[in-house]
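Take a look at this single chain, the form predicted alone, given in structure tokens.
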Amino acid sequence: MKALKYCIAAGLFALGTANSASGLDKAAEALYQRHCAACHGAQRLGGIGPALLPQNLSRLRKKAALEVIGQGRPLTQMPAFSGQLDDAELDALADFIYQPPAEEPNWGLADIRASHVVHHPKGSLGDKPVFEADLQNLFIVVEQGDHHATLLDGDSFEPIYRFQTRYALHGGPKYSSDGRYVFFASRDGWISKFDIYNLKVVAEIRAGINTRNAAVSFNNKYVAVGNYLPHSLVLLSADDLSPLAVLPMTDGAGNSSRVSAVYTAPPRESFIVALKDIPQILEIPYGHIAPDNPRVKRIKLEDYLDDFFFNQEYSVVMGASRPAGSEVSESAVSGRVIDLDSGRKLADLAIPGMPHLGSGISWRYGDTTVMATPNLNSGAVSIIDMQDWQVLKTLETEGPGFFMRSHDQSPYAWVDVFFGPNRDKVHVFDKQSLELVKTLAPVPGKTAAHVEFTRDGRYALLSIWDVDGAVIVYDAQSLEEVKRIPMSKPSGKYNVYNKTHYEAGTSH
């Protein structure tokens, strides 16, 4: 309730202080202030409803936004305006929210502190789970269809608890090292801490306007939040999410950058920060996070790198280098390999198709270790030898992929073909022969994506990305279907053990 009051107050305050965006339709802006500002904020920064800025709406097509404005959104507080506004007014509103504001919005330390809500202070909840299950074999399933999450028992495959989340979670939930707490980041910048043992939200805070993801230090002391808007990295206390520091992402020469992602690196006891607009990687040691002056190590690069993949020791990072043009040649450098200790470049990666390194996996292959990554622009999986950083083999798929998964105890690697006409299929490859074993199409016409394994690797869970979707459980050896669990667009599933023990077959 306190959070709700804050959102309303923020919206009303913004209503009185908003600056009109130059060049925008004044009539559309007036419609927005009259019908939308109380929930979304007069500067479109969000409140009860999500932020309505171009950066936050990048995944929502304007046609879909127009439908939401006119018809409302089920299971939310978003009303339908088709009965109050004519078609021209609806079109004007849709155009307005996709226009950038006249001034770059800011969200500083004072704003962050004002949003902070502690629902259950530390020590006020019991230390024993209120349910019975293997606590290391639990899954958090993010259901994008109606903005909920489900705690799933990884042995019985029965839901334990389903709860509402903030709008449009992004970047995947992150666990404390013991698996008791899970931290969520929403695209609108809200960070939520959920106590799995007690099935309650402990605290919330809004750390940005457009947030990419959050990372939790392995010593359970800090949460780092990477933002696209504003260009900042926010450091929070993991106890209650109270803010510690806001670090502007600048290079000292007046240039600023969006944060592509932030990662925790347990062996290094540090956070690693990927930047979108400055050719640098940042490293912030856990032991040097002081509110007044956190220590930041800067690794200067030849090019902009994001979408990172780390080796298991976190001594080496592979970063994707996005080409300026739409076409990628066979010889184009699409990534680089950087030694995090020396900052030295170890190799260039020539992979056509724009590799999705953040979804890469690794495993032992003969006398070497390989990593495999799907590609966002081509129907191929690239297998890279992590000794000489050469492409060992390219596996053809029926379309560009997004997610790839395996497990140490599984002989197979799974990859979707998320983009294109064959998105209802998933390929299963043998990790030693590097040959296709089987192609699954569990629900023809509906996107199949994002596999995650149980703690022991015996079962693989696959999502059907549809509002009337499901999590499908497969026997990871026979590849036969075991069970279907109806869910609302289950975009991702995250196993406690695999994520807290940094299982080689899952993304980090």
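Bear in mind the structure is a predicted one, so any value in this text is a computation, not a measurement. Start at 1 and count along the sequence shown; that's the residue number.
The same protein has a further form, the form predicted together with heme C, not shown here; the description that follows concerns it.
- Of the candidates F157, Y167, W389, Y197, Y167 is the one whose heavy atoms come within 4.5 Å of heme C in the model of the complex; the others do not.
- Residue-level contacts in the model of the complex: of L440, A65, V443, V473, one residue has a heavy atom within 4.5 Å of heme C, and it is A65.
- Contact annotation: heme C lies within 4.5 Å of heavy atoms from the stretch 33-41 in the model of the complex, the single such stretch among 33-41, 443-451, 456-464, 474-482.
- Residue contact with heme C in the model of the complex: R73 places a heavy atom within 4.5 Å of it.
- Contact annotation: H119 falls outside 4.5 Å of heme C in the model of the complex, judged by heavy atom distances.
- In the model of the complex, heme C lies within 4.5 Å of some heavy atom of M78.
- At least one heavy atom of R187 is located within 4.5 Å of heme C in the model of the complex.
- In the model of the complex, no residue of the candidate spot (V216, V273 and G287) has a heavy atom lying within 4.5 Å of heme C.
- Residues L93, I97 are the members of 86-100 with a non-hydrogen atom no more than 4.5 angstroms from heme C in the model of the complex.
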